[in-house]
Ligand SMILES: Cc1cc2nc3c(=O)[nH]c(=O)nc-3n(C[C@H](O)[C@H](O)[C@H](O)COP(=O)(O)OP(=O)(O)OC[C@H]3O[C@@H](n4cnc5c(N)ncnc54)[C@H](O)[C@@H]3O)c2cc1C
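Shown next as structure tokens: one chain only, the form predicted alone.
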């Protein structure tokens, strides 16, 4: 074993011990399953404190530069921390858009002033970030962004609206895609990218109630909102390139994220454990041949996903379809999770129709809540259908029609 491997193994032992001693216990109120459902001040305060504790211990943004609050370590260390967070069923790390979209983008293309201004506060959770890409009536079609930003001296005046703004009602900043030029021949050329403040006059975030009854998404309105011209990231009109780079982080195509622990881990083992509580025709449901067949399919798919993820990190194994596995990452994992959670509700039979607020629901409607909440992950960052198009066109070379 090399010195580096020994160091990683020792770190794994240390992090497991730290997690066992420090992962907070049940706070006595419902915690979000993913970063898409932080809907109360109580949840926000709890998760902000947890994120700060992780960062203070040196376990967040471990491979980010030390001058901005990271540890400057090999990315493998963050991977070990993330696995430990899942294994210990730790609360999510809530400031995901800052940690996993904005932070890597600023480290990649931001100015030194941008990095010094924003990155440490992203890691500590002192400043919350949201994303202003999607708009009503245009969904994932970012090329049709209609929100306008018009230069007026040292400011831009913003008008329009965004939708599915996760954490928008709590956020301090938004990565905002807005149209600064309506005269370009290509719709992608008139867009600009801003690190926009949210707590200014003319910005209003209205929470959207989800099918689970929880909140987290918002619709955000801009009415003559003035933001400093210094918020522009990159060149005016160069927003499309910035947006595409951001989506590479969001979709897991490019590494650099501060932590992957943005949702509670719900596994095949969790599903099988729940199945011990159910029967079909008087026999344990796990003895049902069709159920067993479905479980085997899930096990094979989970193993294939795991192997594909490892393969994606080895360029020599990706010469046939470069970036093909990475581009399929979001599609594969979110759809697998959706079907797994649907199975958890399905095996309950009629009881699966009961929800969180029903006293007779199984485990407080855990599987039903998880299933419905999962739709946010199959839509955010580009829907499953969009992802399938990207893979078909850019990986397999299929025609658009």
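Keep in mind it's a predicted model, so treat the numbers as computed, not measured. Positions refer to the first chain, counted from 1.
Only in words, not in the display: the form predicted in complex with the named molecule, which the text now covers.
- This chain lacks the partner; the member of 156, 164, 222, 249 within 4.5 angstroms of the named molecule in the predicted complex by a non-hydrogen atom is 164.
- Of the listed positions (258, 176, 97, 119), a single one reaches within 4.5 angstroms of the named molecule by any non-hydrogen atom in the predicted complex, namely 97.
- The stretch among 301 to 309, 129 to 137, 190 to 198, 103 to 111 whose residues place heavy atoms within 4.5 Å of the named molecule in the predicted complex is 129 to 137.
- In the predicted complex, residue 389 approaches the named molecule with a heavy atom inside 4.5 Å.
- Remark: residue 23 does not count among the residues lining the named molecule in the predicted complex, judged by a heavy atom distance of 4.5 Å or less.
- Interface residue remark: residue 383 is counted as part of the site for the named molecule in the predicted complex, having a heavy atom within 4.5 Å.
- Residue 15 falls outside the set of residues with a heavy atom inside 4.5 Å of the named molecule in the predicted complex.
- Of the residues in 215 to 235, only 217 comes within 4.5 Å of the named molecule in the predicted complex through at least one heavy atom.
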